[in-house]
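The chain below stands alone and is given as structure tokens, in the form predicted alone.
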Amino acid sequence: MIKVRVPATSANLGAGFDALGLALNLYNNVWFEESDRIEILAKDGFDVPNDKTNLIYEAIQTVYNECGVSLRGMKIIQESKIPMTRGLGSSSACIVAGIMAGNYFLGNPFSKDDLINLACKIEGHPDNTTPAILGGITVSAMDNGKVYTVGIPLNNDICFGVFIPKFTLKTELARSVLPKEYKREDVVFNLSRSSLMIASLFSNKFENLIVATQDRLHQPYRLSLIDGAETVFDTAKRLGAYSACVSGAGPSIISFIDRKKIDNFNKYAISMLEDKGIKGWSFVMLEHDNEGAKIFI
């Protein structure tokens, strides 16, 4: 039996729609054992599909299909620490766990680059799956089905406060509210901010993040689906965050925080929300994960 550990991820990071992604030190663990039948269990009691429709199993199946090998079954035990349908890459973690396990059992026919491309083929975009595999912050672009990616070194002076509501938001709904076309000035606005974001992270100019995370392509349309979002943004700002943005498709909100201000956030973040009448949110302080998905034998 092997264990695959996969980090949570936060995508978009403001203006980097479907391109930027960050791995966080919150993990799903999945145990795998070769078997002649399908046996899928949830170690933490979650109700997960226990047949071929399970996303982890589908990912393994994809690897076997790519290699022309028949998959008879698999024993899978899931432990889900990443909140589901909260914009923290839970589905990407399932995909990555599955393809890594499948690759291992077939003798590692695929390189890490191959796995990045395969994960993107399954997910449809690389912003979550790529940092889940590589760790850190990644910038990714697709061309003719191939993912081109670069990692951004991240200064340890910055950490990440994540506000997580009790309610969920399905990615399909969050994408359905986006317009089919955008004005040129909005596209230029995002191009300048995403470029500033990358340059600021490389140069540790974190004071630029307040501008670099501004967005006109997805956040303005999704905020109406996230009850209390504006108050969360305001709370993060009042507590001294460099910036905050919707995590992935939402509804979680991630803030970029100077390490010196961790205590303020841990002490006051939720009480300040409740003082404003915003209840049912939790707050967790996270670090970036630099290792990405790992197999333990």
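Numbers for residues come from their place in the sequence shown, where the first is 1. These numbers come from a predicted model, not from an experiment.
Just so you know, the form predicted together with a small molecule exists too; it's not on screen, but the next bit is about it.
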query	finding
Candidate stretches 111-119, 127-135, 158-166, 145-153, one within 4.5 Å of the small molecule in the predicted complex by heavy atom	127-135
Candidate from Ala249, Val30, Ala269, Ala59 lying within 4.5 Å of the small molecule in the predicted complex - any heavy atom	Ala249
Residue among Ser192, Ser80, Asn208, Thr171 with a heavy atom within 4.5 Å of the small molecule in the predicted complex	Thr171
Interface membership of Glu287, the small molecule in the predicted complex, 4.5 Å heavy atom rule	no
Exercise: Glu123 in contact with the small molecule in the predicted complex, heavy atom 4.5 Å	yes
Exercise: Arg175 in contact with the small molecule in the predicted complex, heavy atom 4.5 Å	yes
Any non-hydrogen atom of Arg86 within 4.5 angstroms of the small molecule in the predicted complex	no
